[in-house]
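Below you will find one chain, with nothing else, as structure tokens; this is the form predicted alone, and questions on how it binds or moves follow later.
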């Protein structure tokens, strides 16, 4: 059966005009797609062109060649109202409009559907209120946007996109400047929008560890080429190692995380089980110790419940925290 696609990039080349200079092409020959209900993470190094691509997909700037298809129709043939009913865009720009309330900002999402004087119908007002409720901002309707937190402001921006009710939602770094808790909350909210509403959510992010765990598909932009597939495909096919041209950064295919490469200080064999073992291994690895199973270690560590032992050739020392253990090894 042919896959249903909400958005498709066909041989797309994007860039921007430069005053007094030749146009600059930053990405070319992109062939990427996303289906209804998919949450897609666009990842790549800084300056590679992710924001340029997203602004192009949102209809804010023209592209050089190829095409962008939304439900099989070229974005080029859609007028402004049709585009606004097809695609919504959330940026990281901070809204600084005095006296603009949360309700008013979310209500802007209904403008593609209002009459020529922009009046909200009773149904529009319900849709706005429902979007605010869905992002967890009920009770914030009259709160000025300039007086809410960064996390709450991002929720309000997503509510505006939800009120716009488009099949495709594009977000440029939606978790930038947010703390860990808010980052996971935003990812969870976008997951629900994709899964429950069958919307296509495309977002750029530098939170790679979260993206690898939570999204349905990756669009990976690398100097060697462009790839798409499940996060697990990206790991198994080695795509993620192309993200950084940095000899100090690697990707752990077993743990599914990026790490700093270190010169090993000594060999250690660790014994234990459960969470104490897991976090002791992480701590020793972080400090540059080589974990061995069969090779002869320079020393051994036993990880227990609230007790750690370092076993050297001539003595044994006990500690009641990993911090104390690491301090002793220094």
Partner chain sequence: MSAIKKTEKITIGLQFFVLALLLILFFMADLLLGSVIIPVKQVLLAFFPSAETSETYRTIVLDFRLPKALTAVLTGAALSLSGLQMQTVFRNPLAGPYVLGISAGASLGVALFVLGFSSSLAFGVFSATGALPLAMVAWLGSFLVMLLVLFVSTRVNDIMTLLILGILFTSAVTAIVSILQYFSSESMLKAFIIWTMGSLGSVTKSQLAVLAPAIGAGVLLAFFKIKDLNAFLLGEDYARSLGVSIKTSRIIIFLSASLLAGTITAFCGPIGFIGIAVPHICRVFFKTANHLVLVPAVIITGSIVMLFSDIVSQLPGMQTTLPLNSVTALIGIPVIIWMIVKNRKFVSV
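Residue numbers count along the first chain shown, from 1. Keep in mind that what you see is a predicted model, and the values were worked out from it rather than measured.
Although it is not shown, the form predicted in complex with its partner chain is what the next lines describe.
- Annotation: in the predicted bound form, residues 81, 103 and 120 each come within 4.5 Å of its partner chain through at least one heavy atom.
- Exactly one of the stretches 221 to 229, 181 to 189, 159 to 167, 234 to 242 approaches its partner chain in the predicted bound form with heavy atoms within 4.5 Å, and it is 159 to 167.
- Remark: residue 98 counts among the residues lining its partner chain in the predicted bound form, judged by a heavy atom distance of 4.5 Å or less.
- Proximity of residue 111 to its partner chain in the predicted bound form: non-hydrogen atoms within 4.5 Å are present.
- With a 4.5 Å cutoff on heavy atoms, residue 251 does not count as touching its partner chain in the predicted bound form; it lies far away.
- Among heavy atoms of residue 247, none comes within 4.5 Å of its partner chain in the predicted bound form.
- This chain lacks the partner; the member of 279, 64, 264, 60 within 4.5 angstroms of its partner chain in the predicted bound form by a non-hydrogen atom is 60.
- Checking 135, 215, 202, 107 for any heavy atom within 4.5 Å of its partner chain in the predicted bound form turns up a single hit: 107.
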